[in-house]
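What follows is one chain in C-alpha cells, specifically the form predicted on its own.
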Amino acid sequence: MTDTNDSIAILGGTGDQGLGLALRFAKAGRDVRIGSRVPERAETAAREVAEAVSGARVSGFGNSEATQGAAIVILSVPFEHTASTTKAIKEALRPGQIVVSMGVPLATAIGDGAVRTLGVWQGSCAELVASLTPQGVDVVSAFQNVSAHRLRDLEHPVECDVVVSGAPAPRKAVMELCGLVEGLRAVDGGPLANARIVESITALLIGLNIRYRVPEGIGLRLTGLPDRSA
C-alpha cells in the first residue's frame, strides 16, 4: 500500500451523512476517497463534492478499492449493511489502518421506528465491526450524532460535540479529524465499549428532532469540559 497518511475513505459516502463528511474533509484539504457498492454512484458523489469545493482532492471507487488507498476508513452505512460491508472489505484492510464506525443499530433495520435501538450481541455496532476486522486494524467509534444537514451546509459551522471511543492511539487520530470541521469538538469517550452509550443517544436525538420540529438536526454539547488546548 502506498503512503496514504492524508487519505480518508468514506464508505457509504453517497448517503447524506457520508457525503456531508466528504464535503467537510475535502474543504479542509484532505484527500477523500468515496466508496460505494456501485462505483458509478461513488464517482457521481465525488463530482458533486468537486463542484461544491474548489480544489477538492476527491475521487470515487468501489468500497474495496477506496479502502485500499486510505489510512482511515469511515463506515457510513445503515446498520443493516454494516456486517456485509465490513466483510466485503476485509481482504482490502491492512494492519495499521483505522476503521471508524458511525453506525447505529436503529430499529428501522427491522421496519420499526428510528427512535428505538436494537440489541446487538457484541454490545454495539462499533464492537460488531471490531469483531469482523482483521488483526492489526483498529476500530474507533465516532460521528454518530452529527447532523447530515449541518455537515452539508458548508456556509455555517456544525456546532456539535463528537464522542470518540476506541484504543488510545487510534482514538487520538480520529479526534484530530474532528478539528478539520468548523464547529466540531472531539470528546475523549474512552474505550470502544462506551460506543454502546453513544450509539443509543442517536435514537434520543431523533426523537427530539421530531418533537421540537428541528429538521436540520439537534446536536450534542457537553458542558464543563476543560480546555485541553490551553
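None of these values were measured; they are calculated from a predicted model. Note that residue numbering follows the sequence shown and begins at 1.
The same protein also has a form predicted together with a small molecule, omitted here; what follows describes it.
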property: Site check Gly18, Pro78 and Ser147: each within 4.5 Å of the small molecule in the predicted bound form by heavy atom; result: yes
property: Proximity to the small molecule in the predicted bound form (heavy atom, within 4.5 Å), stretch among 37 to 45, 188 to 196, 166 to 174, 51 to 59; result: 37 to 45
property: Option touching the small molecule, based on a heavy atom within 4.5 Å in the predicted bound form, out of Thr133, Thr117, Thr85, Gln97; result: Thr85
property: Val73: touches the small molecule in the predicted bound form, heavy atom cutoff 4.5 angstroms; result: no
property: The small molecule contact at Val139 in the predicted bound form, heavy atom, 4.5 Å; result: no
property: Val129: touches the small molecule in the predicted bound form, heavy atom cutoff 4.5 angstroms; result: no
